[in-house]
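Heads up, the chain below is alone and in the form predicted on its own; it's given as structure tokens.
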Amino acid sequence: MQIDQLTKIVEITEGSTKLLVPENSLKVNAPPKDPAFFNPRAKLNRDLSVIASSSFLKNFKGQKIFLDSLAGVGARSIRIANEIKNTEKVIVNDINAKSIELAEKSAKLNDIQNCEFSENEACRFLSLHSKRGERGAIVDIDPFGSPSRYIDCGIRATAHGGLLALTATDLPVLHGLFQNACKKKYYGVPVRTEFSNEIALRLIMGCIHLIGGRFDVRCLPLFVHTDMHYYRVYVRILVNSEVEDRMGFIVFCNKCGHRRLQKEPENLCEVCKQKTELAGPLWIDNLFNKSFIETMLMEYQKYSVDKRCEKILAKSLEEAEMSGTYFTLDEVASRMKSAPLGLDNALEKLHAAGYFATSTSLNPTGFRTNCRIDEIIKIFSN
């Protein structure tokens, strides 16, 4: 099949769903936007989205509507409609008519009956679904670059108690290469560290929290994850709830490696008394909801998804109630001027010394602990 004279369309299977995608998107590192966008490398993102959506809809009491505002060829939303059987309605939206044409054909290919299709700009689409009875139980926003311009209309389009899922791909901004741009888009600034991806997720969550506060809406993260080219957050939206102040700073000492989350900025390191760097304002509360991730682990078994999903969820469950930012084995080894320990060995040493410690889903050699960096170095040296 061809959508125009130059583009060949091929059928692939992702999860248990057949999808029609431009053949060129399967051959290049940066998939083209024309004639329609599909990123095969985002399969893990979509796999986790299926699991998270299934877990959320399982306990959601209202109308189970999924709104996909920037759908591309509809890979995520067609999978939701096809694989999650209790989804009542999926609305697939994209401003590109050729993307919607492919999404419609994929829906027919899978004999899906609960899909509607919309060709509209994302914020206009979300605004059209901001009235009571038309809002989404789940609203998905997956843009090129920053999601910040869509957060306002995304919150408005999410039902009370619903789920807002956001992706960010503007990594240079979130990692501190363009601090003014980050402050403009996310209301805070990062510092460049070994745990930059956690700072990025907290900046995104902080931005959602601040925008939600304008509507007296409480925004609570249920699950976050990151892969090589994106950040992803799943946030529960609660209307007319008391909005607690969960914003603050990460105080980081580049000299000794000490870091902590706290409400107020601090200029001197409590460990080595050197000048600190500040990331924020950003979200300083937990990023994971333990019971939600437990449900995700149960739902995982129902779907044909990447096995990495289970590992990510298992680590997320371990760290769900751990506060603070993570350390990496290489970071600690560099400060000790020695070879890094194995992760299991490092955790055993911390446990034996009486500290809490877990691995983290955000870094393969990362760990969370309530132990300070100076004590970590002492423990690892023995």
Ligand SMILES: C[S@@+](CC[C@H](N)C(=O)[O-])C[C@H]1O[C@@H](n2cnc3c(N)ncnc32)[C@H](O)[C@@H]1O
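Just count from 1 along the sequence shown to find any residue number. Not measured: the values here are computed from a predicted model.
Here the subject shifts to the form predicted together with the ligand, a form of this protein not shown in this document.
Exercise. With the partner absent here, would Arg76, Asn93 and Glu121 each sit within 4.5 Å of the ligand in the model of the complex, counting heavy atoms only?
Worked result: Yes, the whole candidate spot contacts the ligand.
For this session: Taking 4.5 Å between heavy atoms as the contact cutoff, choose which of Pro143, Gly213, Pro265, Gly161 touches the ligand in the model of the complex.
Result: By the 4.5 Å heavy-atom cutoff, the listed residue in contact is Pro143.
For this session: Identify which of Ala71, Ala279, Ile208, Val233 has a heavy atom within 4.5 Å of the ligand in the model of the complex; exactly one of them does.
Result: Of Ala71, Ala279, Ile208, Val233, the residue with a heavy atom within 4.5 Å of the ligand in the model of the complex is Ala71.
Problem set entry | Stretch from 153-161, 266-274, 172-180, 121-129 whose residues place a heavy atom within 4.5 Å of the ligand in the model of the complex | Stretch with heavy atoms near the partner: 121-129.
Exercise. Contact between Tyr326 and the ligand in the model of the complex at 4.5 Å, heavy atoms?
Worked result: Result no; Tyr326 lies far from the ligand in the model of the complex.
Exercise. Looking at the partner-bound form in the model of the complex, is Lys64 within 4.5 Å of the ligand by any heavy atom?
Worked result: Result no; Lys64 lies far from the ligand in the model of the complex.
Exercise. Is Arg46 one of the residues lying within 4.5 Å of the ligand in the model of the complex, judged by heavy atom distances?
Worked result: Contact with the ligand, yes.
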